[in-house]
Structure formats: C-alpha cells, structure tokens
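Here you get one chain, nothing else, as structure tokens; it is the form predicted on its own.
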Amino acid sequence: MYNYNYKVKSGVTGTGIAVLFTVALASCTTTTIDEFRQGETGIESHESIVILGRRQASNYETREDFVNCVGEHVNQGENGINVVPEQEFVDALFPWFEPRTAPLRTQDLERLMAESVVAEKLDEFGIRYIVWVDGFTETTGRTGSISCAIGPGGGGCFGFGTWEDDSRFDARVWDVDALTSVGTIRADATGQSYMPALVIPIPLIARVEANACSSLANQLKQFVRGS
C-alpha cells in the first residue's frame, strides 16, 4: 500500500469600499490530499469511469453538484478521462444504483455483476472503474455581527463577521474488471471566510469546496492512469 500526502494553498483578496477592513485580510484555503493505493491501475482510451455520490447516510448526503464538479474536471484537459454522467448511469441501471440498493462493498458489486442486465450495461458504457465520492462541507466558528440601518440621509451596514468552512471528501475507486477496491483518495480543504461591512457588506469567501473538487479530480486522474 502506498500513501501520498501534499498540501495546496491558495488565496483570494478583495477590494472595495471597506478598504480599512480588507487591506490586511485574505480569504485563504488550505487543501490536503491523501492517497491510499491498494492495487495497480490503468485505463485505455476506449474505457470510461463513472463517479457516483454516496447518499445512504441519514444525516447528510453527498451533493450532486460536487460529484458533477469532480466529473467535469476529470473529463477535461490533455490527460482527461471519459466520465459517464452520474444521472445517466443511475437511470440506465435502475434500480441497482439507487441510494437504497447501491452496492456498499465490492462483494455487493460482484453479486450485481451476476445480473446479466447489469453486466451488459456496464459493458455498453465501457466502465473500467466506479468511483464512490462520500463527504460534505461543514461551517463552524461563526463570530462577529453586522447591523444595517436606514435613515433620512440614506442607509448602510457596519460590522464584521467571520466563519470557517471545512470540506472533507473521500473517493473510493473500484476496479470493475477485477471486482476489487484499488484505493482511496481523500481531500480535506479548510478556509476562513470574512464579511467586513462599512456601508456595504463585502464577502471574502474561502472557496473550500471548489478547491477540494479540483484537487480531488486532479489526483483521481493520476491515480486512474497509474501515474
């Protein structure tokens, strides 16, 4: 088993009326990627992958927008990989990949492949790997306040607020040919966002989920290609 870890930092600065508040502030995101490889990988030009969101949990479900974001990034660029859209795949294999019936383990996938309809559909799509994305974004540490008022001479807002966002996502890669799990990629992006207000509120938002998406997708491309 191999384990890779690296961090990516990015910053976004803002300008506007509230210069006194924003000049020294930057919305910064730190992204950590961990890769756990359990098997060899590789993909041919005629083969595809499908990226699906886990939605069996009762307290949260992986957002479809995030799953689509990862798929779009994996499909793009010179080393892009053909990605079958999640909804198209789920509809074509109804009801086997609905949240209530989707396979949770590779042993479940092996049983599904015994169904001729499932095996034929996977072959039609040219699916080599199924990628299960599981995770969410949490907002914590809200502090500060902003008040707004309207008077005879006009209106405005004054105050300052801040909060922290943390995106945590896992991508588990299943090899359809070998019916085994070949590894997991984990993305953890954290960032501090700010909302200064001097007449007009100016949000400085940490793009944690966007950074988690792009970093996870880039690592997933390398992982699937075996590089």
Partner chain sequence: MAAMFGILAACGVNNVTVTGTYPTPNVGKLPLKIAVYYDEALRDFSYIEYTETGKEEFDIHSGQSHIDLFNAILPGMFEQIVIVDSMEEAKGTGVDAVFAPAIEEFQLALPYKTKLDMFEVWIKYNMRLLTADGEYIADWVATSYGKTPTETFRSNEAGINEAAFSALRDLGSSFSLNFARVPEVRDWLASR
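Owing to the predicted nature of the structure, the values given are computational and were not obtained by experimental measurement. Residue numbers count along the first chain shown, from 1.
Just so you know, the form predicted in complex with its partner chain exists too; it's not on screen, but the next bit is about it.
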Contact of A57 with its partner chain in the predicted complex (heavy atom, 4.5 Å): yes
Non-hydrogen atom contact R37 with its partner chain in the predicted complex at 4.5 angstroms: no
Contact label in the predicted complex: P95 to its partner chain, heavy atom within 4.5 Å: yes
Heavy atom of R63 within 4.5 Å of its partner chain in the predicted complex: yes
Interface residue in the predicted complex among Q76, T143, Q87, Q107, criterion: non-hydrogen atom within 4.5 angstroms of its partner chain: Q87
Check all three, D91, T101 and V117, heavy atom within 4.5 Å of its partner chain in the predicted complex: yes
Residue stretch of 156 to 164, 179 to 187, 49 to 57, 193 to 201 approaching its partner chain in the predicted complex, non-hydrogen atom distance within 4.5 Å: 49 to 57
Contact set, 119 to 156 vs its partner chain in the predicted complex - heavy atom within 4.5 angstroms: K121
